[in-house]
Ligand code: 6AU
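One chain follows as structure tokens, the form predicted on its own.
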Amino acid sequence: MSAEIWGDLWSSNRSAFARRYMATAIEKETLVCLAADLRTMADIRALITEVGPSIACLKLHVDIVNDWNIEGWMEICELATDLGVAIWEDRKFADIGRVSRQQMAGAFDIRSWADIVTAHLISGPDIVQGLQNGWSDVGREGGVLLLAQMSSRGNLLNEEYTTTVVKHGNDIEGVLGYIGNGSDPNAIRALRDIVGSTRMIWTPGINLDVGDGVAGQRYGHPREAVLAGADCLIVGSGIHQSQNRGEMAAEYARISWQALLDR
């Protein structure tokens, strides 16, 4: 069933975590990753409880949480795991491999609870190995998403940079896939053309209300993004700012899953 739904991506992707995500997506019938950019652990915990059945992944920014402590944080991660939700720390690492490995440890000890992290490839391919070494230091495995495109207005990730990132990233073990521009279906199609079927494309900038958001953010429709080639939709305010977050998450799940079947 997995190969029938995901096609070449299932058979060609070498990332064990990619297969884990694809299997979860099938089991829960959702391609939704919730961007929980909230400031307290209580708010994050309540949100996961409401929307957990409809999401496959939870994207966090650990360093914006005002009341963070490791004990409460691990409880949140355990709750997510119990609900079949992967944990993504959207740290956007960008340093050399040795430093990135150290950053995976440190006060937040990201290596111990995150299943996915984000990275820029601007410092070279050693950053991916450094992040993977961080997980290995505590006997865990994870996947790295490389920034290939961004949806924010005026960003500097041009077509030449995108092509270079994908060219190198496709040859690096441990790369789960790429961050694409969910606000622009044409950009996703262009990214899919150069990525091929060996890596995934995860896209922020997704909302049922398309157009411009705050602080230069732009939004694209979830169905259009999946049909264009997105494999995971990162949804933030469209879910956590709605009046009924559980119902809204279920609606994003329904739309994304149907789009994948149609694709």
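Just so it is clear, the structure is predicted and the values come from calculations on it, not from any experiment. All residue numbers refer to positions in the sequence shown, first residue = 1.
Not pictured, yet referred to below: the form predicted together with this ligand.
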- this ligand isn't shown here, but in the model of the complex which of Asp37, Glu224, Glu29, Glu50 has a heavy atom within 4.5 Å of it? Asp37
- Item | Answer option from Lys167, Lys92, Arg140, Arg189, heavy atom within 4.5 Å of this ligand in the model of the complex | Lys92
- Message: Can you confirm whether Lys59, Thr118 and Val235, the three residues that make up this candidate site, all sit within 4.5 Å of this ligand in the model of the complex, judged by heavy atoms?
- Response: yes
- Note on the structure: Given 103-111, 127-135, 148-156, 69-77, the stretch touching this ligand in the model of the complex at heavy atoms within 4.5 Å is 148-156
- Contact label in the model of the complex: Pro204 to this ligand, heavy atom within 4.5 Å: yes
- Message: At 4.5 Å between heavy atoms, is Ile179 in contact with this ligand in the model of the complex?
- Response: yes
